[in-house]
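As a starting point, one isolated chain is supplied in structure tokens, in the form predicted alone.
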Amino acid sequence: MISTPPDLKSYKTQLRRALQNEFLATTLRTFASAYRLSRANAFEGLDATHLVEEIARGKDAAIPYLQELFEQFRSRAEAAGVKVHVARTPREANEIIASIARSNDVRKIVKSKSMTAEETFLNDHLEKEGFQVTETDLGEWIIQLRGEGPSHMVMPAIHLSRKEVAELFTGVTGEVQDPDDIAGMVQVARKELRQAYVEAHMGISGANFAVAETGTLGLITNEGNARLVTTLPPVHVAMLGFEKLVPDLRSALRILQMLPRNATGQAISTYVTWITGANQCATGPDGRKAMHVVFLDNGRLTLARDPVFAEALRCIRCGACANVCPIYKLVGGHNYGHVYMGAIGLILTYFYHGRENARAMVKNCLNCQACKSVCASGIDLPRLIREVHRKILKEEGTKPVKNVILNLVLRNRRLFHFLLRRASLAQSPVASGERVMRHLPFFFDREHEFRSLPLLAGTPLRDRWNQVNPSLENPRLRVALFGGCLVDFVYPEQALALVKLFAAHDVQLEYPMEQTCCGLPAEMMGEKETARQVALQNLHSLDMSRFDHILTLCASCGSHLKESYPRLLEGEGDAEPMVRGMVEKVTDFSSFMINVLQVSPRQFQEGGAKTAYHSPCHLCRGLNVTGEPRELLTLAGLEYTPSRDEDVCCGFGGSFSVDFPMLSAEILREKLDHTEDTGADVLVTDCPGCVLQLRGGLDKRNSSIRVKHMVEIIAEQKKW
């Protein structure tokens, strides 16, 4: 039975072991790149956004009525000769299925792939009861022979090499198998499994849909094994979660249009099977198949009533959240999940398998939003991961010291800024002449040496603002700068470049002094109340009536202001209309230059440097800004050179890179490799956090590539 380390130290040890598996890293990296292309091709000509919205609406309409849909399904299915069961717990589900097997004199069982059966550890239970169980999906059969759980919801054996499979099949057949003869190994599996089908007394399947209107089960597969499992044996048992209920066939077909495209980049799966009622079967009782459907609750019906987490029940089990996750790509599903893997696994593990299995794992999220951007049903996966983290902290009662300090400091802006100023004075023992630390402070271990860290600015932006910002007469626009912690206290030069640019464009820039940290670090650490209080502070510091726009140089801050503030301040009385006004005015630098100022090439120098670009996660996915940065680079006369995976995370993730430096380092290494492959002289990005990560990594490589914030490189290219 699967277990996940309950403490962070043990979990990190497991992650380090996974990082040493070079085959795993190569396989997952290759798959991730191929998946992005195949998925894009599969959705070509289809309005994927509209389809996701339709699926989300349909799921949200059904989730509150799962019990009613179940009663309708049961009525229709039992009228067609099917026995329908309800299992409140995994153990109850396993016992129901074992009882069905005993009552039908079953000895041999064949199974098709089912994540619900994995959730209950059904095979373990049946084998202890004396039944012979054979998985018939090729990947599932392989991992069954190895005594492992799946490493992906759709491709369970993706972590294994051909050599490992050949060695396994050699042991099964007693004949040496050639790892390069894939067709031959498939024939071995077919020969072994076909015999199992013929001898089986019972078939067990899952289901992708349970259509309430007709009592129909729908199964989507690529190998055809599910059809044999559900047709050949005289007894068929289907086990599925309540969330698989849909009201009608149209709802199922809408999901079917999305599922294979999002899962494997196919327009349609090889086999789509619909089963309504107990069909004829010569060896079955009364000439018909004995058919049973077991609906597993395991907390689902309670979850359906939860105002926050009910959204997780939209999941259609496509596995796309793992396919695009930078962390999954490094360590695989056995290390980035419990039974369910990927982003949805970080959420469902808590509800289906308990706090002890979710405690350490739920912290392992970059908040890069890649999972959210491809979710087939529009689940806000990063938000729910943070909510699970917060829930665990609350239940355990004792908070990490860093959380206690964060709460104390962030709630008091004056204390926070006082401590940052003092820290800038105290950093001289680790300082070098290049504004980076000569060596890391004592509280960092050697794993953090993958990048250089910047020094705090000697004078923060807010302390020099009145001296550097000109007052313009009758400006065309008034813009408030939301600086964020890094621009204010680490990289004030980014804001100074903005001041110069805006003055040239007759834009009055102002810096509201009561602003503080955006609050994203607090929310990432599960401190929602602190994030809410900080949001209120910032909201009241920004007088919406005075400004035409609110501009931020930090994509993470901008995304948090627009996405999270409306949710954090919901129900806060006068704050709600203020938030709506703020959200409408928040913008990023590149969008402002292209869409508001409408800059043109004649305003910039020609013959700029060869430039690579890194798209910050919270810009391209949080703010949905993709074209403007690249357009701005080209307009400014720079030789923009695309690099591989420009919109994949750099591995910073704020506190993530502190908590999981071994993962942050690997993600950064790949990002910098792709950058160096372009031969670029400059690497540009739109977020100071990304600047910190990328510049620090290149410094450690002694690279000649300069890292610039977008505003800095545009100011350099401007004709003055």
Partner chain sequence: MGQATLVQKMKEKAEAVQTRVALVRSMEEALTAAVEITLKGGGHVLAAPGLGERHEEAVPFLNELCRSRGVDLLMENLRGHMGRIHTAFTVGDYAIAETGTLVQISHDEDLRMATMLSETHVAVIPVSRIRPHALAFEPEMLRILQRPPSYLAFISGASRTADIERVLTIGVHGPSELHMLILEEEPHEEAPS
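These numbers come from a predicted model, not from an experiment. Numbering follows the first chain given and starts at 1.
Not on display, but discussed next: the form predicted together with the partner chain.
Remark: all three candidate residues (I142, E213 and Q280) come within 4.5 Å of the partner chain in the predicted complex, counting heavy atoms only. Put simply, E223 is close to the partner chain in the predicted complex: some heavy atom of it is within 4.5 Å. Interface residue remark: R91 is not counted as part of the site for the partner chain in the predicted complex, having no heavy atom within 4.5 Å. For R621, no non-hydrogen atom is located within 4.5 Å of the partner chain in the predicted complex, even though that partner is not displayed. Not displayed here, the partner chain is approached by R261 to within 4.5 Å at the level of heavy atoms in the predicted complex. Note on the interface: of 622-630, 518-526, 403-411, 192-200, the segment with non-hydrogen atoms within 4.5 angstroms of the partner chain in the predicted complex is 192-200.
L160 is the sole member of L160, M544, L569, I96 with a non-hydrogen atom lying within 4.5 angstroms of the partner chain in the predicted complex.
Here is the short version: of L635, V596, L455, L249, the single residue with a heavy atom within 4.5 Å of the partner chain in the predicted complex is L249. For the partner-free chain shown, T136, D137, L138, G139, I142 of 112-143 come within 4.5 angstroms of the partner chain in the predicted complex, judged by any non-hydrogen atom.
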